[in-house]
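The chain below stands alone and is given as structure tokens, in the form predicted alone.
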Amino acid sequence: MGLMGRRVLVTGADTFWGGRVIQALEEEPTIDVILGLGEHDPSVPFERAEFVRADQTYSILHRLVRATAVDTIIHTFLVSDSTTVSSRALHEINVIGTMNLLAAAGAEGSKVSSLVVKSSTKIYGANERDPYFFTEENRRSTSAHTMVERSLIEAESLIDDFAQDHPEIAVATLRFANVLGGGLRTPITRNLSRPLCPTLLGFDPQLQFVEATDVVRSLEHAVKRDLRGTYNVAGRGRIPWSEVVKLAGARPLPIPAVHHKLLMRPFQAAGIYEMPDELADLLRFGRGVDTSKIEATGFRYRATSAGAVQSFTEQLRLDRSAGRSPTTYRYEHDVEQFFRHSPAVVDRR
């Protein structure tokens, strides 16, 4: 179908990924309408997308989908970083929010014909009994024991049921490996940014990464191709965690795996390091996913796992040498409305 004449709604417009997906879509002149939905102010400026404020469960979605006649929804608001919200909020956002989204997309009178969901390879967990590479059809080796993993599993189950009940809608779920680059801040990137980076004593797992630009490109690809089903997205190859730490210019801080929670607690309380349970599992056992399914649809990565690490570490070194810290964008509704609609504005770029 491509993007010609599409009316696109992006959830999580106030998050890192929602904002960057919207900015990418704004470069597509063939898209007629771009709507961004978020609870807080956008973190990046929009040129022509319209921003709609909503609570984190997206209870307004039914009315919005019907009123705007959007035909495409890109759901970027599944939370995969448990350090950013409480356990209760994780369930409200990932499960209740997804339920409301699906109800709106499948309601009578809805024009939605395409739904693309950004998920995470955290859904597979990390365990010593794991296969070297997970395919999309593989089940995790053990039951989920973290809230973020359980909420992602429940959300994806709802999405799978919806896809079966609505064959007229192209539903695609993309599971992303850990992301590096683009200024994204995660427990992994924050730990790597320190002079000493936590490692688990006796473990050196093989990891996969995906570069930030490939995340946005793959979401666009899924929309353009009207993909259906579940797809792993990760740069080719795996890289040892010790090598990642070395490339980042950090020194390893070995933590006994058995007592990591107790030993990391004061560092986490002080905001120095972050070691949620799902990251501790990853730094013990690693994780790899097979990406041949999405590559078979014509998607081509710009970076391998090692390339994503290299891009991240190069930017990290530049920021350190320049003493730079991430800049923030402040959304001002009245100012944005002036630049969009005032007859006094002759250049709206």
Partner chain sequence: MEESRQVDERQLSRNLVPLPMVVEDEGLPDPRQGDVDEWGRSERVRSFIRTVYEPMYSKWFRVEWEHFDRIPAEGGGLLVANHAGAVPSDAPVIMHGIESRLGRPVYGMADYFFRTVPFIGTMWSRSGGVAARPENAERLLGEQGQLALVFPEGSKGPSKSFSERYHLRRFGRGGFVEIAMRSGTPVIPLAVVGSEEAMPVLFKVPALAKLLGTPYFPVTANLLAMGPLGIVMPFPAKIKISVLEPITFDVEPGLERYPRSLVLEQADRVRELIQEQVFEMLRSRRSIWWG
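Positions refer to the first chain, counted from 1. On a predicted model such as this, the values are computed, not experimentally measured, just so you know.
Not pictured, yet referred to below: the form predicted together with the partner chain.
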| property | result |
| --- | --- |
| F162 within 4.5 Å of the partner chain in the predicted bound form, heavy atoms | no |
| Any non-hydrogen atom of R265 within 4.5 angstroms of the partner chain in the predicted bound form | no |
| is_contact(L201, the partner chain) in the predicted bound form, heavy atom dist at most 4.5 Å | yes |
| Heavy atom of Y273 within 4.5 Å of the partner chain in the predicted bound form | no |
| Selected contact from L253, V216, L247, M99, since only one has a non-hydrogen atom within 4.5 angstroms of the partner chain in the predicted bound form | L247 |
| Position in contact with the partner chain when the complex is considered in the predicted bound form, options S86, N138, S143, S157, heavy atoms within 4.5 Å | N138 |
| Partner-facing stretch of 162-170, 146-154, 78-86, 230-238, counted where any non-hydrogen atom is within 4.5 angstroms of the partner chain in the predicted bound form | 230-238 |
| Contacts with the partner chain in the predicted bound form, stretch 123-141 (heavy atom within 4.5 Å) | N127, E128, R129, D130, P131, Y132, F133, N138, S141 |
